[in-house]
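Below you'll find only one chain, the form predicted alone, shown as structure tokens.
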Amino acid sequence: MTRTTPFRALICALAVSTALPAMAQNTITGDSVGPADAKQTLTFRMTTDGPRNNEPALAEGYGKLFNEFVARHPGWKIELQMMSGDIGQEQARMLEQSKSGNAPDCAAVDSFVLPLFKKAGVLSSFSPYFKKEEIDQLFPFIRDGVTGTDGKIYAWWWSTDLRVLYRNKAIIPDAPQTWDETKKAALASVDQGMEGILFNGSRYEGTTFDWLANFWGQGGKLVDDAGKPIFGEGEDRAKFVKAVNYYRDLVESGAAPKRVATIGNYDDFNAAAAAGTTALFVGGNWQMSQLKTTLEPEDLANWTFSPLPGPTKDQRSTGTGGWTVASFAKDPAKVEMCANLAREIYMGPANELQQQLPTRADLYDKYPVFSTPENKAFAEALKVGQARPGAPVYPEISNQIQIMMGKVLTGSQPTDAAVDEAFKASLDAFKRL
């Protein structure tokens, strides 16, 4: 899942230095992979999706992938630069470094901020290194995300996620297809002693991102082509208010508990499922594997998922995130090496290792772990997936949506007034850019 920070932190963040955890592979020494006397060096700034992963098994798996990679490319070594956990701040730092020519040769770029890097013109094209057939296999929102205005691709988006509706089918046998059906199902679960549907509703990016599917499913847009907020105007405002009132009605009707206004952690949903206090929640695809380790087999058998409902069966969307690999290098050999790294380590092998959803439709058949019925269902849902807009003002829009949601879910302010305040604050932030 991608993460974001408030607008000012994303745009104005300063460098943060962090201690690096010990390497998991003895064959990877210090901060590099490959022979110390290699003639060429590629600097790679990375997240924990690599040999520094906190899970020993994943660290070992990545260590093997990286060692095999440098063995296939004699004369090269990779210098590893680890990001801190504050991803938004790290991405802002890297954007500033790229503008001054001090960025790494290759780096993990959050899909959420990729448009900012593309707009700044600091990325080198990967088009020469990926076949048209490979690009055509990308899900539409992925392909759009990596493509520049010139038609070239400027990153390889290798993993993604999405939101779905989880349910206990022993309590709710049929998958709700619409908002009305969701409310009825949640109320039926309350009648059986459950607390109703759960979702993120506190000051948390997940609150915005999970809810946005209700707005996007109607065709709503947060910003125009220039990145200016438009969600508080005309038809977009009507769709926005309608989506907010859907959540408001869930709480006011008792279909959702009032405590959703304090929830800002997907782990809360797993805990509620394990405790038997909920039969319905909005969560991420990765939670299916977490439920498998959390629930007893007989309880797990009752849990399943379905696409997020919309106001009608045909009005659906889901929020999608994920990570890309991109190159800031000017040396064509280093750009190619970065593309090779994206292709040989992350495009498939890393998906399989971490069970992170691939962005290419054909990989779901290539790797057995993704050919399961549940992962094929996730792949089908990705067809209506939508990524967050890459406009610089988005972090502040998200911040204002979170504030607005708190007012609405607690009943402290009417929906229309809360929406108008969120829109005004977002416009003010846009004007300050």
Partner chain sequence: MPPASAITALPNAAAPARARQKPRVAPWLLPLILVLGLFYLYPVFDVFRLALTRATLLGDEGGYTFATLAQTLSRPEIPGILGVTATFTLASVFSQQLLGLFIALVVVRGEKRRLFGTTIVRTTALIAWVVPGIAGGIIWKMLFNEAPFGGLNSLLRLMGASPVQWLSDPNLVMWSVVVSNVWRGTAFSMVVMYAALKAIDPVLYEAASVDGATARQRLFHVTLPQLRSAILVNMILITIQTLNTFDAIISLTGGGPGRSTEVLSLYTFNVVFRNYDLASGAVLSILMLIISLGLALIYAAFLPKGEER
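Residue numbers count along the first chain shown, from 1. Being a predicted model, the structure only gives us computed values, none of them experimental.
Note that the form predicted together with its partner chain isn't included here; everything after this is about it.
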property: Stretch in contact, per heavy atom within 4.5 angstroms of its partner chain in the predicted complex, of 366-374, 401-409, 31-39, 63-71; result: 401-409
property: One residue of 162, 223, 325, 95 in contact with its partner chain, assessed in the predicted complex (non-hydrogen atom, 4.5 angstroms); result: 95
property: Residue among 262, 302, 84, 147 with a heavy atom within 4.5 Å of its partner chain in the predicted complex; result: 262
property: Residue 210: touches its partner chain in the predicted complex, heavy atom cutoff 4.5 angstroms; result: no
property: 4.5 angstroms heavy atom contact with its partner chain in the predicted complex for residue 195; result: yes
property: Partner proximity in the predicted complex: residue 396 to its partner chain, non-hydrogen atom cutoff 4.5 Å; result: yes
property: Its partner chain contact at residue 275 in the predicted complex, heavy atom, 4.5 Å; result: yes
property: Contact test, all of 113, 120 and 432, partner its partner chain in the predicted complex, heavy atom 4.5 Å; result: yes
property: Neighbours of its partner chain in the predicted complex among 75-90 [non-hydrogen atom within 4.5 angstroms]; result: 86, 88, 89
property: Cα separation of residue 100 and residue 226 in the predicted complex versus here, shift of 3 Å or more; result: farther
property: In the predicted complex, shift in Cα separation for residue 226 relative to residue 99, 3 Å or more; result: farther
